[in-house]
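The form predicted on its own is given below as one chain in structure tokens.
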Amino acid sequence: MKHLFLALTAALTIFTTLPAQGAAPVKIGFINSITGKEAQIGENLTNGATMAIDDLKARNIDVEMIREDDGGDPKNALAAYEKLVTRDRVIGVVGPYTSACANVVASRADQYQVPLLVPAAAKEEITMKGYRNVFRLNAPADVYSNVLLKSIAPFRPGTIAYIYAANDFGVSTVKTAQVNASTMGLKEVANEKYQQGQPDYRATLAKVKAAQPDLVFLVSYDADAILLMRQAKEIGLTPKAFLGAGAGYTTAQFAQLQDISSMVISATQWTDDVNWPGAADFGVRYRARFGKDPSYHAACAYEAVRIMALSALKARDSKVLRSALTAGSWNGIMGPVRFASYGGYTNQNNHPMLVQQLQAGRYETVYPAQFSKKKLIYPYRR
């Protein structure tokens, strides 16, 4: 009788830890720039998130993802987060995309006690305020410049110029780039900050051309990245290397414009030729479904949604979810993921960034050595 009682007790314990049959699907939120100036990159995040939900459903894991569009506006992003957590009663949120939007939403996450998992926003401050409910999957801005400059260091460039958007992402990334460049012994010869969406950057580019830098370090979203490189070609700006800090320099649209994008070097959070579990397969499936190459934004969104959904499924409560994200570890298309506190960051994944170069119209991983299959071409030639 004693053995029977113990067996029944154990069975009941196991049963009560599993989701009840017919239970409502777990609800998570997703905030993204579906419209607005960053919509082209936002499309990549939307596609990646959609694939994650579909893959979970294929495994009979029922997750409801409620999508909100912030249009790239921090006020809209905050309103979207507040709607998701107060009206829709989600237990966790993935997003937003831009640094400005993510930074504002992060400031409210501890007030509402609903975890926020940032998939791709880079401003360091987002995870440097000690927020308990804010987690970030991607590497922050200081890693962009660090990995780019390390990749180019063996060629011994002497001077650098900066061209960057006057937004949270641009200012934050260049600030850390200046520190990394100074450590490397590079002399700054030009620093040009611009307002997004201008029709003509020739005057800015001409100032940089006059300074004759070895390196031009650019921080731009998609439309500006294309226009800047087109007008750089028009005025004959030819440094020894163009260095793009992710974002607009990593998209399929940019790669297709070979007359202006060829040989551009960019930092990226992900490529499909690394040995992270499922990375290559994700690239194949993404191309088959959407007819274009995925950017790192798609991979970041995919993995962030997957991590949030699986953690939420087990937790089914926001406070328990926060603990699960803090204590958990995962290994998927973005490599090993663990949210930790280090170097002033809280709940930050210590993610290794990669460097890629557009060679013959394809993004080729060129750094670090353990991930690269091609050699970096230097100096730049049109």
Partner chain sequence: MLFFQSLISGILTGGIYALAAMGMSLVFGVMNISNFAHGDLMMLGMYMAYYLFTLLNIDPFLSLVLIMPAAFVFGYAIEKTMINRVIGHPSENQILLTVGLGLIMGNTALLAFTSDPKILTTSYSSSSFNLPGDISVSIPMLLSFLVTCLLTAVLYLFLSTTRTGMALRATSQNREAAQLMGIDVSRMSAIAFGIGTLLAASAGALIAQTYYIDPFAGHTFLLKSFTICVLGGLGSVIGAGVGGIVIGVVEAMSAAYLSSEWKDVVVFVLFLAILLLRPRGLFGRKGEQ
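Computed from a predicted structure; not experimentally measured. Numbering follows the first chain given and starts at 1.
What comes next is about the form predicted together with its partner chain, which does not appear here.
Stretch 230-238 is the answer when you ask which of 303-311, 151-159, 230-238, 265-273 has residues with heavy atoms within 4.5 Å of its partner chain in the model of the complex. In the model of the complex, none of the heavy atoms of Arg287 sits within 4.5 Å of a heavy atom of its partner chain. In the model of the complex, its partner chain lies farther than 4.5 Å from every heavy atom of Val90.
By the criterion of a heavy atom within 4.5 Å, Val147 is excluded from the residues contacting its partner chain in the model of the complex. Taking non-hydrogen atoms only, Gly197 approaches its partner chain to within 4.5 angstroms in the model of the complex. Contact annotation for 188-226: residues with any non-hydrogen atom within 4.5 angstroms of its partner chain in the model of the complex are Glu192, Lys193, Tyr194, Gln195, Gly197, Gln198, Pro199, Asp200, Arg202, Ala203, Thr204, Ala206, Lys207, Lys209, Asp222, Ala223, Asp224, Ile226, listed in sequence order.
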